[in-house]
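The structure tokens that follow cover one protein chain in two forms, given apart as structure 1 and structure 2.
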Structure 1
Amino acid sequence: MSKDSKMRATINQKLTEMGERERLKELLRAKLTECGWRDQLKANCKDVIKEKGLEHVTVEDLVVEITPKGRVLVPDSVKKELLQRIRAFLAQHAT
């Protein structure tokens, strides 16, 4: 198991060091904005805010309400594309 976690740690480190993690983040942001995911979730946020009150809403409230919905609402095409890029990176640099 530790060999596994070692491998994961190395991969994560490489991902960050080579700037690939940032690029993937940007790509994901762009794709999610394009497909309307952000606007959908923003509308959900509005509901949460109206529920909890403008003055008293906290980050925790939003995170707890929004993150699970956000995960589910990511479209499959976006997931596929991101996975493709990650796999390509791993194939190049994982061994």
Structure 2
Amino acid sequence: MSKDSKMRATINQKLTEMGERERLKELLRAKLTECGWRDQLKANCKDVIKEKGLEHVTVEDLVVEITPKGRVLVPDSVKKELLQRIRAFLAQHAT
């Protein structure tokens, strides 16, 4: 396991243990709904289904096609706020 992977695992463990991971997930859900991201993704899913036909699309197909679009559509302001909160948490709980 690389140093970066170990650090990510440690951060993730600390966020989970302290309950911060769930709080961040709730914040992210709220922010994405607030900015219309969920509606955009839902519309993209409908477009893919219309294009390929309901019988020819699996959930896995949708995930593969929509995930990159979904990541791009997340507003920078949401990404920055989440990153700031993670940094503040880590600074507060540094060991």
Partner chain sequence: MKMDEISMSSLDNSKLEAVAQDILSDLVEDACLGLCFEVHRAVKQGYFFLEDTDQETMRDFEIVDQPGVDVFGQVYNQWKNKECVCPNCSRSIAASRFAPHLEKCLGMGRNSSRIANRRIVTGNNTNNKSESDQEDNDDVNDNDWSYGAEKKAKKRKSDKVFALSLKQLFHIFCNNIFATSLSFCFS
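We call the rigid core the largest set of C-alpha positions that still match within 1.5 Å between the two forms. Worth saying up front: this structure is predicted, and the values here are computed from it rather than measured. Here, residue number means position along structure 1's sequence, counting from 1.
Looking at both structures, it is structure 2 that matches the form predicted on its own.
M7 is among the residues whose C-alpha shifts by 2 Å or more between structure 1 and structure 2 once the rigid core is aligned.
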